[in-house]
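Just so you know, structure 1 and structure 2 below are the same protein chain in two forms, each on its own as structure tokens.
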Structure 1
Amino acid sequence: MRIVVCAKEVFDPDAVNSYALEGRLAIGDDGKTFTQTSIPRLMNAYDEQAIEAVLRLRDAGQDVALTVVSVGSQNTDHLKHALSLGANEVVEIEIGDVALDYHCVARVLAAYIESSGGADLVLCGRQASDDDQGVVPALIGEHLGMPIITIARDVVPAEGKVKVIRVTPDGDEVVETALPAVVTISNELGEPRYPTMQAKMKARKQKPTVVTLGDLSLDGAALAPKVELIAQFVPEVRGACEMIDGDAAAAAAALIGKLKQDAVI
């Protein structure tokens, strides 16, 4: 079974969060690009969990060929990480200076999957931690005519079908569809594993397969962005916290008093 995991390189969200909270997230003259060079780039955490989902299938004895594909990365450390975890092939789709939006990225990923022999299962993260859009997997599914199941905590393909446990606001939902399908993975899947030292060393020497936009037969319309990021800023946080002093009992009594006074409770 061929499984393709789409993995995006993102800025470390924890680092972005700390800088933003400290009021030190630097945005360049173009009004949209982070200029801090100290923010690490890594694989979107949900995409790493998508790889983990595949490794669990392998642990359970399934014969899977895992391809991990990324579009437009700055460096390929995240793909080497995928190799060290046991990906059979990692692919970087280089976009050069072409400005692509996430709609184009979905076209590129769909075209890659199609032209590389298709996939029995396409796994994506539920959303990328930079843009939070969660749109790319749905678009890939539509472009490839595959059913799409979002927000999974468990994915088990068997006998031409895939059974998925989805995490819905009301609790777990168990669904099933015929393969091929697109499934998006959520954090409830659980912690991804670490590669062994040996696997890391070996992966360091390997190179991703490089695919260029020209290798994929995409027309101009597919590569025309629908949206353009024109600005990015840190929103203001409202403030003015009234601190309530005293030991636990005194502070608790005072707080409850205030909440009553405010008619909140």
Structure 2
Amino acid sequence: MRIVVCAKEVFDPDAVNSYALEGRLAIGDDGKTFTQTSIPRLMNAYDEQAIEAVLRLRDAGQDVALTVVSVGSQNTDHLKHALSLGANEVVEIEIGDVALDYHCVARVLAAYIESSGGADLVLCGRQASDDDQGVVPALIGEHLGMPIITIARDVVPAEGKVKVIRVTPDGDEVVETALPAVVTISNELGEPRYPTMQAKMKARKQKPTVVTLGDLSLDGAALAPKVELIAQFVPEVRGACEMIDGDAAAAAAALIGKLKQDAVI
């Protein structure tokens, strides 16, 4: 079974939050990009959980060939991380200076999957931590003509079908569809594993397969963005904390009084 995981390189969310809280996160003159060059980049955490879902299938005895593909990355550290976790192949699709929106990214990923022999299962994180849109997987499914199941916490493919446990506000939902299919993985899957030091050292020596837009035979119309980023801004971070002095009983009474005054209770 060939499983393709689509993995996005993102800014480390913890580092971005730290810069923001310290008032050191700034947008450049273009109004779109951060000026900080020291913010680490890593694999989107939801995509890492998609890899973990595949590794659990392998642990359960399924014969799985895992390919991890990324589009327009600044470096390949996240792909080397995928190799250290157990990916059979990692692929970087280079886009040069072309600006792609999520429609274009989905088309590029779908074109790669088709050109590389297809996939029995395509897994993606439920969303990316940088833009939180979560639309690329659905568009991949549309381009490939595959059914899509979202927000999965467990994936079990067998006999040409895949059974998925979805996370919903009303509890778990079990659904099934025929393969091939696209499934998005949520954090309810559980914590992803850490690679061994030996695996990390081995992965450092490996290089991803590089694919260009020309290799995918995509014309200008296919790569024309439908959505344009106009501007980003850093919201002002405000904090308001009031300390209540006194012993426990007095502090509790004062807290209740303030909550009633603010109509909270």
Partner chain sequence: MSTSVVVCIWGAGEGGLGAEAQEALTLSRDLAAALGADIKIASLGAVSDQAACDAAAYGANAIDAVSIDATGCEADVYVAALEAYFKANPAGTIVFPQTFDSRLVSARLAARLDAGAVMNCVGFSVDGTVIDATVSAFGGDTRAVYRCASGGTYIFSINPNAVVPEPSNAGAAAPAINAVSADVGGANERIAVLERPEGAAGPRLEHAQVVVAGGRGLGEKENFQLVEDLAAALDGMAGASRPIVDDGWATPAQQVGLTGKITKPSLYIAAGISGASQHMVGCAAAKTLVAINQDPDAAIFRYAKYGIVGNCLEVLPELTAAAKKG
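Numbers given to residues start at 1 and step along the sequence of structure 1. Rigid core: the largest C-alpha set superposing within 1.5 Å between the two forms. Quick caveat, the model's predicted, so the values are computed rather than measured.
One chain, two forms displayed separately, with the form predicted on its own being the second of them, structure 2. In the core-aligned comparison between the two structures, the Cα atom of D245 sits 4.1 Å away from its counterpart. Lined up on the core, G257 has its CA atom moved by 2.7 Å between the two structures.
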